[in-house]
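Just one chain is shown here, as structure tokens, and it is the form predicted on its own.
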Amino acid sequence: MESELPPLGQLRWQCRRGMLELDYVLIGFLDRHYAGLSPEDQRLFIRILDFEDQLLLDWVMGNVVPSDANIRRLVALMQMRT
């Protein structure tokens, strides 16, 4: 049984991090691209939101490369589409 995905309003709240650059990337990606992702990638995006702000910022700014291949792929999408 697939787990139900949280509503967009809840995800929007989770994307608000208090770091303007990170807020811009996460909320922008959520608004423009989340709905078009596969359910697996939607769950991966939700999982990414559990990471610490500084690490997320380092990933999206390209300062650090995620070791997990799936996270690396989704972060690359976020970098290209924001």
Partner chain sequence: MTLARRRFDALIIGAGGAGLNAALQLANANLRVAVVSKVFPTRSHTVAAQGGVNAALANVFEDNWHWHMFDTVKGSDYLGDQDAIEFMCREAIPTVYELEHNGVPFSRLDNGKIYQRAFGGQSQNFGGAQAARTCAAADRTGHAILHTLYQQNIRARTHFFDEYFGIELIRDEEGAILGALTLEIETGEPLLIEAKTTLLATGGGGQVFRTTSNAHINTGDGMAMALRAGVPLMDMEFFQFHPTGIAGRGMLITEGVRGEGGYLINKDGERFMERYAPNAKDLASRDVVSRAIVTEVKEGRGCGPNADHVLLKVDHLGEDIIAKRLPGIRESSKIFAGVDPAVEPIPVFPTAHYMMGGIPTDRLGQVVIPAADGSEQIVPGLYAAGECACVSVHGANRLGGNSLLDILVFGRAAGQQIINNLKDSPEHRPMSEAAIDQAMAKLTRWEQPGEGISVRELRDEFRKVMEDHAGVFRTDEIMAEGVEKVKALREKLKDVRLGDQSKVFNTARIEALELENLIDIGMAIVLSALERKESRGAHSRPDYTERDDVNWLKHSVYFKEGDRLDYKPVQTKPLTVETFPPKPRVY
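Numbering follows the first chain given and starts at 1. Fair warning: this is a prediction, and the values are worked out from it, not measured in the lab.
There is also a form predicted in complex with the partner chain; it is not shown, and the following applies to it.
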property	result
Distance check, R73 to the partner chain in the model of the complex, heavy atom within 4.5 Å	no
The partner chain contact at L37 in the model of the complex, heavy atom, 4.5 Å	no
Proximity of E21 to the partner chain in the model of the complex, heavy atoms at 4.5 Å	yes
is_contact(M61, the partner chain) in the model of the complex, heavy atom dist at most 4.5 Å	yes
Interface residues of 46-63 toward the partner chain, as seen in the model of the complex [heavy atoms, 4.5 Å]	L49, D50, E52, D53, Q54, L57, D58, V60, M61
